[in-house]
Structures are given as structure tokens and as C-alpha cells.
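Form predicted on its own, single chain, as C-alpha cells, below.
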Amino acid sequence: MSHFFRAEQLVMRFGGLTAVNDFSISMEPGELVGLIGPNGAGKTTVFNMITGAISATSGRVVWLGEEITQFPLHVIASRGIARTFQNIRLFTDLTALDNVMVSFHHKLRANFWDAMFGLPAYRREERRIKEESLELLQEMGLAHMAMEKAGALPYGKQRRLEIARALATKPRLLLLDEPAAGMNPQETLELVGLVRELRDKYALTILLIEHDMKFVMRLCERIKVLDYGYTIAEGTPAEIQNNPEVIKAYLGSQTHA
């Protein structure tokens, strides 16, 4: 059966350590899926294999019917897969606006000479990119901070800016690595609504890693659970909350209660 996106039996070994073992997932357009598990469970390693940041020891990744397992990161990004990072990766000395505009530039249609001499084609592109970047900042509730340096933004706003940068690459599959990390409860609640809005507006399929269980349970339609590199459960939020193996490995009886 063909899927929009699938990873099949991914394994990642670092020397004698198996970080991820036999990981598989398939996703259809518009799905919003959570990937959870304790620290060191292998979640970010899965993201790194999917996006080409590291090469899987074995297994394969198939996107829109094409195997992309060994493609480099920039090629995978150009195919429509974008991600954010657990550790925020912004240009801290650039403005919020410039951070988003930089992410648009790989799609510039103007050529080198247009840019070198500031020809009309390049200037039109720059105006378009600036307008689209401002629209994304508006979408993320950051338009009023467009000219502030990224490093000076509150942590929660930096998280939103990183999502705006990912969206600037025009993805169809968006991988969010702990998008609610460092946010207060109100910001986290607002992010639930925002992620849903972005999914619907930009026709995104979203896979996310998150430690905030309330956030995951409110947002995700399906959840996959890793523990020590192995998949121990998959199901709806209700099924995951009531799964004894998940409670034992990750949620804990107090959190579950």
C-alpha cells in the first residue's frame, strides 16, 4: 500500500549502542501525530534519520512514492520536508524578519547576476519574500516584533519564530521537535490552536515530539511511544493514556491519575 509518508524498519546504531530499533510509521495527508517517550528514547534520532541529518544504519524512508533514505538534508528539505529543533537554531543577531527571509532565499527565482547588480527581477523577488515573511510573522503573532533581534525575543516567541522559518520553506510534512518547550501554560494552550490552524491553512501533515503530555493529548490524533529505541505502543490519546506499558515507561502512575 502506498502512503503519503512512511518510514520502514529504521535502525540507528552508534558504535555498540542501538539508539533506534525497527522504527516504522506511516502518515497520510493532514494527519497530526505525536512521538513521545522518556529522555533518550530515540525520538530526535528518528527526526534526524527522516530529515537526512544522519544516515540510518538500515531501513528506509519513502516520501510521495520516492525513497529518500540516503538523500542529504538540503535535498530532503527541497522535497517538502521541514523541521524545527529541540535546541533553537535562529540567527540570534538578525531580526525576526531577516530570520524568516533567509529561509525563503533557497527558492529565489532570480539568478546570480540579477542579485549582483540589483536588477528589477531580484528587487521584485526581495519585495515578495519580505511580504510573505511578514505574513508568516503575522500568522505566528510576531508581526509587532519583526524588527527585534531574534536573540532578544522571549523563549516562547523564539519557538514560534523557528516554526515560521520552517514554514518559509513551503513544506508539506512538518516535523516539530518539542515546540512547547519553555512555554508557560497559557502559551502552550495557545500553541495547540495555532498548530491546528497552521495544519489546516497550509495543508500540512505534522509529526511532533513533545514532553508536555497535556499538549500532546489535546493536539494529536494519534500517538506513537518509544522507549529505549523500541516502539512500545501506538494509538489514540485515550488508548495511550490507558496503556499499562506507557504508564510504566513514561507517564507514571501519578501523571496518569
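A residue's number is simply how far along the shown sequence it sits, counting from 1. Bear in mind that the values here come from a model prediction, so they are computed numbers and not experimental data.
Below: the form predicted in complex with a small molecule, not depicted.
In summary, the region of this chain contacting the small molecule in the predicted complex, judged by heavy atoms within 4.5 Å and restricted to 191-199, 24-32, 64-72, 40-48, corresponds to 40-48. In terms of contact with the small molecule in the predicted complex, the residue from 60, 211, 218, 222 that brings a heavy atom within 4.5 Å is 211. Checking 169, 158, 86, 95 for any heavy atom within 4.5 Å of the small molecule in the predicted complex turns up a single hit: 86. Residue 240 falls outside the set of residues with a heavy atom inside 4.5 Å of the small molecule in the predicted complex. Shown alone here, residue 19 lies within 4.5 Å of the small molecule in the predicted complex, counting heavy atoms only. Remark: residue 178 counts among the residues lining the small molecule in the predicted complex, judged by a heavy atom distance of 4.5 Å or less.
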